[in-house]
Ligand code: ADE
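Here we start with a single chain on its own, the form predicted alone, put down as structure tokens.
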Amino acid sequence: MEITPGFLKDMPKIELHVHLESMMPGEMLERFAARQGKQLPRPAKELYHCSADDLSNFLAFLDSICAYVGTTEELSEVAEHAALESQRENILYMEAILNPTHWPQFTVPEIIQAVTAGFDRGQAAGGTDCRFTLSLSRTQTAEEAMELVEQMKAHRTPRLAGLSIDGNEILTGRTGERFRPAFLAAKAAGFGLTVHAGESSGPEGVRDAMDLLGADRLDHGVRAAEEPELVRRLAENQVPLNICLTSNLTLLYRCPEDHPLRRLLDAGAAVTLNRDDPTFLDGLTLTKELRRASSFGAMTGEELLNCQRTAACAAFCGEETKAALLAALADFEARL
């Protein structure tokens, strides 16, 4: 199965780890800022020409750019744009991560309604079928976490797929016990659970995500490779790792040869490939990410297709949608 430009372009794609906050073009934010009588800190074309190699600074910059989105209509436009742009890459299904702490100008119900409306419009116009997870920050309290879950339950829409958590574990330390009640409540309500772990945390963060938070899948998870026994556990249980190679090589692995993508694949881990924060990564496309993974990890065409199948099975959607995604992948393979 030869990996040609056409193969990568035409392959049906599924993405499970991309932050909506990092899918806003500079030109869009410039327009939003002008409505508020504000200016961007740099010209729109240079907005993302900044360092993304420190997680704390990166998260602070996310807060600053989200502030330029002043109305729920603009937030809906952000979501609609993401759905339409994703379709250009033949991404059939995408789950975006959205952290309400980056958007203090909106209530959680307003966020849910606005993002749902934008994704609805995007799909109706021929864009990608998009869902989203709401993410906690590790700096929040247990009470704030439970309140988020209660609001998710009260204002649920078909686009709201699950609960996530992110943030810099180097600064916060282990937080699994604090957020365990909220994750158990979300699970009981039928939401999917995904956890950023094994990026700013080591293997202990991966274990906490599974043992304390009951994660259905892990965002990143790559540092599990530091413990062979943990890798065996992940492989045996086929816990999906939503790996973001380009992001990892920017934020985490200063020596590219240290990245464990190939080792995790050889160990039988369930891997998906994702963009994480595309605007900060020079407008990274999922097609480019797959091409980089194929080269960096010596991945075959079959392995790249397997990543899409893994993503389809790990998606927080109904069985009918999963079956349709798997059928599209089978049809693509049959036509090769």
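If you're wondering where the values come from, they're calculated on a predicted model, not measured in any experiment. Heads up: residue numbers just count along the shown sequence, starting at 1.
Keep in mind that the form predicted in complex with this ligand is not shown, yet the notes after this line are about it.
Engineer: Go through 68-76, 87-95, 259-267, 196-204 and give me the stretch that gets within 4.5 Å of this ligand in the model of the complex, heavy atoms only.
Structural biologist: Correct option: 196-204.
Engineer: Does every residue of 58, 167 and 220 put a non-hydrogen atom within 4.5 angstroms of this ligand in the model of the complex?
Structural biologist: Every listed residue reaches this ligand in the model of the complex, so yes.
Engineer: Which of 212, 251, 112, 185 has a heavy atom within 4.5 Å of this ligand in the model of the complex?
Structural biologist: It is 251.
Engineer: Using heavy atoms only and a 4.5 Å cut-off, determine which of 133, 242, 247, 128 is in contact with this ligand in the model of the complex.
Structural biologist: Of the listed residues, the single hit is 247.
Engineer: Do residue 289 and this ligand come within 4.5 Å of each other in the model of the complex, heavy atoms counted?
Structural biologist: No, residue 289 is distant from the partner.
Engineer: My question is simply whether residue 284 lines the interface with this ligand in the model of the complex - judged by any non-hydrogen atom within 4.5 Å.
Structural biologist: Contact with this ligand, no.
Engineer: Flag residue 62 as yes or no: does it have a non-hydrogen atom within 4.5 angstroms of any non-hydrogen atom of this ligand in the model of the complex?
Structural biologist: Because a heavy atom of residue 62 falls inside 4.5 Å of this ligand in the model of the complex, the answer is yes.
Engineer: For a quick check, can you give me the residues of 252-277 that have a heavy atom within 4.5 Å of this ligand in the model of the complex?
Structural biologist: Stretch hits, in order: 276, 277.
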